[in-house]
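As structure tokens, one chain now follows by itself in the form predicted alone.
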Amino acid sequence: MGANVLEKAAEKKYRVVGQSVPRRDGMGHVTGTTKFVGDVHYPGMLHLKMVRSPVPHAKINGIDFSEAEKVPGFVRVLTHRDVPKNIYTILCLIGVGPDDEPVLAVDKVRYQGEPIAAILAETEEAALEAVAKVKLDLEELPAVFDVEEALKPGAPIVADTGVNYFIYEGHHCRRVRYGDVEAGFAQADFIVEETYNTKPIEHAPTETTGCVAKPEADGRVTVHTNTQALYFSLDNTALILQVPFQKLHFVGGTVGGGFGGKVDVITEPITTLAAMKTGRPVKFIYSRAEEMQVSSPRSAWRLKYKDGVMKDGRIVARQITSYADAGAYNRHTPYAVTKHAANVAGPYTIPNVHIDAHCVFTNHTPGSAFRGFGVTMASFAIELQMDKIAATVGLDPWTIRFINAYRNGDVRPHRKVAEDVTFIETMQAAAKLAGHELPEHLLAMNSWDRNGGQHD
């Protein structure tokens, strides 16, 4: 009887794992019947296009819409004065602040492509023509594009706070202190230093960012959107427009590719506002050029490692100074830096760790979420550094990782006890899959103790 119970439990546990499970939307995709936001159309629908900054940093002295208003099919323009709460609220909902990015620019632009005004017209062609005829009076300001240059005295100031860095609990960076890193360096046989850089990466989804907003007879607004975070987008839109949450009906389902890039709530608030102001359905979908230029990329990072290592391969000290290029506004980068600081020392047990992780503002396009943002670039730098340590000490790259791998019960630099660790076992499985033969003493290791043997 006991065996039968276990077999039934196993069957239930593995109904998905190890099975071929059809995607819910798979048939629609392969037959061409899936309905995306671009397929949504309503009678009388208007098209929205943005007037964007042609320069990375400037003071707005004036805007002339007179020629744009003469374009056949022009309906109206929206500026910051039309937005009830002209500030993105994406961070306040996760307890990080302050919110800093306007929905439409007020007196300054801080990156090339920043939205200044929204043009509404009867057709997409008319909207684009009207945008082209808007005259901007911009007084260009000095810009800064390098994270370390942005932190130097006298650098052009990007943020309204007067400093080009996010403030974490009174500090200029997110700090982690564990042990005595200088004492660790003093006892080390080798000091291994290197700087690693990553570049911005655009998500490049097949379907560009966009939405369609339609006013309903009962006073609600239905919003068809390809957001990755439906209720998050609804909540933020309601806060920006200062309307009750129940006044909005968001319809999602098909994302058309996202990877983190479609959580910024950039198109929904202004499109919904346009529908409310005109009483007509409104469509706003990025062109491919807009998707590449102004949809938030994965941030660029710079990571500087200094490690103290013993002859036997043990890392006894690790000092890291990293810089995240947030671009002109917060978006999700302050949150990413916190995640980064918790993981940038790697899955290794090191007794002395010193981390300074900076969230830096520059005149680049704001960065945001992208598949493990904050952690992915840390992993990239960590493992390159581990290879360099292995070469310096004269040990095999596999061996250096097994020697330093953390086990259950180890305390990580941010004081969290490691639990349910399977790093050792994962490396053993990876070696087997790769056809790499590990020596017996590495195969004998496990995640429960440092002396080999089996766990009871």
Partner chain sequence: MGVNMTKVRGQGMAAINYPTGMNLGGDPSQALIHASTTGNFIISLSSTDLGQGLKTVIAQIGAETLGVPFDTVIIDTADTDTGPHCMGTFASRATHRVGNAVMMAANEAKKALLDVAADELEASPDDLELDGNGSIVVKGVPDRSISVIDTALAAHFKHGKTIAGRGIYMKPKSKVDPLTGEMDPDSTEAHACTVAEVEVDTETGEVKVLSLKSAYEVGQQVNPALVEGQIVGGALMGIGHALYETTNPYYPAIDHGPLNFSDYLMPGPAELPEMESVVLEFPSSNGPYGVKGVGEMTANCPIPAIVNAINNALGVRITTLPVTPEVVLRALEEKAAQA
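Positions refer to the first chain, counted from 1. In this text, all values refer to a predicted model and were calculated from it rather than measured experimentally.
What follows is about the form predicted in complex with its partner chain, which we do not show.
*Asks:* What is the one choice in A186, I191, V106, L384 with a heavy atom within 4.5 Å of its partner chain in the predicted bound form?
*Replies:* Selected option: L384.
*Asks:* Which among 271-279, 286-294, 307-315, 150-158 is in contact with its partner chain in the predicted bound form, heavy atoms within 4.5 angstroms?
*Replies:* So the stretch in question is 286-294.
*Asks:* Even though its partner chain is not shown here, does it sit in the predicted bound form so that V77, Y88 and Y165 each have a heavy atom within 4.5 Å?
*Replies:* Checking in the predicted bound form: none of V77, Y88 and Y165 is within 4.5 Å of its partner chain.
*Asks:* Decide whether H249 counts as a contact residue for its partner chain in the predicted bound form under a heavy atom distance cut-off of 4.5 Å.
*Replies:* Judged by the heavy-atom cut-off of 4.5 Å, H249 is in contact with its partner chain in the predicted bound form.
*Asks:* Does its partner chain come within 4.5 Å of any heavy atom of K339 in the predicted bound form?
*Replies:* Because a heavy atom of K339 falls inside 4.5 Å of its partner chain in the predicted bound form, the answer is yes.
*Asks:* Is there a non-hydrogen atom of V411 within 4.5 angstroms of a non-hydrogen atom of its partner chain in the predicted bound form?
*Replies:* The answer is no: V411 has no heavy atom within 4.5 Å of its partner chain.
*Asks:* Though only this chain appears here, would F65 touch its partner chain in the predicted bound form if you measure heavy atom gaps against 4.5 Å?
*Replies:* F65 lies outside the contact set for its partner chain.
*Asks:* Quick one: which residues from 373-398 get a non-hydrogen atom within 4.5 Å of its partner chain in the predicted bound form?
*Replies:* Read in sequence order, the residues that approach its partner chain (within 4.5 Å, in the predicted bound form) are F373, V375, T376, M377, S379, F380, E383, L384, D387, K388, A391, P397, W398.
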